[in-house]
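The chain that follows stands alone, in the form predicted alone, written as structure tokens.
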């Protein structure tokens, strides 16, 4: 059972009651999906493609500074939206209910170095199954950073504030290689044939990405504009990587986010799983535009509770989830990006050194209140 100092007051009956409420909320949202949701995702796809086309077109004239600046901004925004609101969420299967091959998890290939197949196994299965379980969730520090006091300290962690920033700038490439789990070949958990197949798929995807951004489109800007167009593509990719890394880290490892041992994960019930998703995630406060640019992963709690629900519904669901958490005495962590960033930076610095601090004392016993009448989800 996933029990921590902040959830020890919930006995198994309370956890199962919590699961029943959250299951009902999930079913309610799924039953309500329809035309407005389909219009939303198609509208985002259209806007993203228009931004990318505008950025590419402006960079054809990159020898002129206004075109260079405008093209770089438009291309950066298009890459962020494509990765966050489109790629991540479509490949989660959030739009599979539409049965439209254009927005289906089995057909979408995103503008990132990772192949869709490799990423879906690592993220959709491993991360969302073992969220914040030390030793099982490979996304927890990506085996490169110490982000929990229970992780054994090694001298290399003294440098993690420095190499952590380098990892942020090259995030898509690091993730692409990491998700293939080539080290599993040495452990006998993956065959050499499978590893070679994944490496070939990665090489093909990498050549496509490199050729598109660093050869083809810069060349279209002509001899005089090539260097500037190339630089614009580099900046757009670096900015996208830094933003994606920031959103991911801010949602999973601020100081309030809890981690779990493999023993806590064993024999976990549906209620325990829900508790782990809530306490292991943190939301980010912001405007609708901010939420769009994060792929609605600013609602990280709701995403981990309902990963197959369309991201556009998280803003509707969040007040309901917060209310349910309040009645069960569950922490619901949410804050502005700056505050969460400072929390993560301090944590990474603190855990660069040996130690990490004691765990909090469990609160007194708690009995959840009866569920009140809550309005149905807004339809507009």
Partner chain sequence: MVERAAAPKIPMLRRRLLQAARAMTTPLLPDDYIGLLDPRWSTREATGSIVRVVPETDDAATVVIRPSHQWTAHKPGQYLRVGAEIDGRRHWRAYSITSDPDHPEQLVSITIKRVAEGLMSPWFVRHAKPGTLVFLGEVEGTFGLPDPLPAKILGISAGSGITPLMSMLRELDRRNGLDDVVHIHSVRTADRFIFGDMLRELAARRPGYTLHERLTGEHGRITPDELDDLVADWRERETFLSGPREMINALEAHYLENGSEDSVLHVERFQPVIGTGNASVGTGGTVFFRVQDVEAACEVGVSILVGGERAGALLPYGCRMGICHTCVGRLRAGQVRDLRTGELFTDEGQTIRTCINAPEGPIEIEL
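Here the structure is a predicted model, which is why all the values come from computation and not from measurement. Numbering follows the first chain given and starts at 1.
A second form of this protein, the form predicted in complex with the partner chain, is not displayed here; the remarks below concern that form.
Listed residues 203, 159, 289, 216 were compared with the partner chain in the predicted complex; 216 is the one with a heavy atom within 4.5 Å. Checked against the partner chain in the predicted complex, the residues 97, 163, 153, 226 give one hit for a heavy atom within 4.5 Å, which is 97.
Stretch 102 to 110 is the answer when you ask which of 289 to 297, 188 to 196, 234 to 242, 102 to 110 has residues with heavy atoms within 4.5 Å of the partner chain in the predicted complex. Relative to the partner chain in the predicted complex, residues 52, 208 and 220 are all within 4.5 Å by at least one heavy atom. Although the partner is absent here, residue 136 is not a contact residue: none of its heavy atoms lies within 4.5 angstroms of the partner chain in the predicted complex. In the predicted complex, no heavy atom of residue 128 sits within 4.5 Å of the partner chain. Put simply, residue 69 is far from the partner chain in the predicted complex: not one heavy atom of it is within 4.5 Å. The partner chain in the predicted complex comes within 4.5 Å of no heavy atom belonging to residue 27. If you take 10 to 34 and check each residue for a heavy atom within 4.5 Å of the partner chain in the predicted complex, you get 30, 33, 34, in sequence order.
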